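Just the one chain here, laid out as structure tokens, in the form predicted alone.
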């Protein structure tokens, strides 16, 4: 029989694992979503439409239109009591109207994912030095780190996008780079958006990490110095590995925020999911169907990000370090 501490730790770890596996419907939804995306991208980008013509949906609309028509007629014949059947008919009408635009929106999802992943990943490499400077730096470095953080957290991301795109030479510089705007490589507006998201995300991530570093007992760094490590090595090898684990919940929030904030890139002509949805809706006047469909795609991306971060948190967890029962 284990000690109370080991028993509690065992319950904690099992609880963390259950958080990932006790969501079969969510897991199934995410699996279907990513299977469709990967097959779609493979067909359109790698195989150049070998499986099915590009911008042509994998799913025919005729069966959904037929079901919608049948249920609509049934709802009309039932009179006032037929409204539940009418709702179901409306759902099939929504599917029939939305399916033809899935291929174009899948291309927008690709841009949204790239913006999000590059923004948060590149921002991390700025955030770590900023957070370390705030916690362990001298007065000058703390002031610089604080100034950066407050500047980018205190101004709207949309304003930052506009300044970088319209008021700096970034656009002209990136446009002249080779391969930009060809094949898989997005055009210059995309890369300006990545830079804006990187700078903005770094400010928020630095605060998550700073809070996490403050959660590590001061004695950890003292002990590292006592065994001969320098201050920098103690922070790198002892404090950061613990602190970054505490910061994972904050990163989960930042990843979700960036997925949704990526829609702001449409204001500088980046053709991500929101921009493509708006463009198609302006041509077809199917605003309701298309924006509901876009919302569902954003929701699938957020669910994917949440499950990914839960998995990462579980994989890097150390028994007894920052664990809580669920």
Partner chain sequence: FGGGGGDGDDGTTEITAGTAPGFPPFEMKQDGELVGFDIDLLEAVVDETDYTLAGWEEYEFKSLIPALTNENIDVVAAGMSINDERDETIDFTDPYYSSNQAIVVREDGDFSPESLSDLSGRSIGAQKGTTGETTVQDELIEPGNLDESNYNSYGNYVLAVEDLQNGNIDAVVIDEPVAQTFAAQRPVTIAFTYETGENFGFGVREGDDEFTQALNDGLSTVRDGSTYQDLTNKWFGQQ
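Values in this document were obtained by computation on a predicted structure and should not be read as measured data. Residue numbers count along the first chain shown, from 1.
The same protein also has a form predicted in complex with its partner chain, omitted here; what follows describes it.
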query	finding
Complete contact of 29, 262 and 304 with its partner chain in the model of the complex (any heavy atom, 4.5 Å)	no
Partner proximity in the model of the complex: residue 171 to its partner chain, non-hydrogen atom cutoff 4.5 Å	yes
4.5 Å heavy atom contact, residue 271 to its partner chain in the model of the complex	yes
Contact test in the model of the complex: residue 125 vs its partner chain, heavy atoms, 4.5 Å	no
Partner proximity in the model of the complex: residue 162 to its partner chain, non-hydrogen atom cutoff 4.5 Å	yes
Stretch in contact in the model of the complex with its partner chain, which is absent here, among 63-71, 31-39, 45-53, 274-282 (heavy atoms within 4.5 Å)	274-282
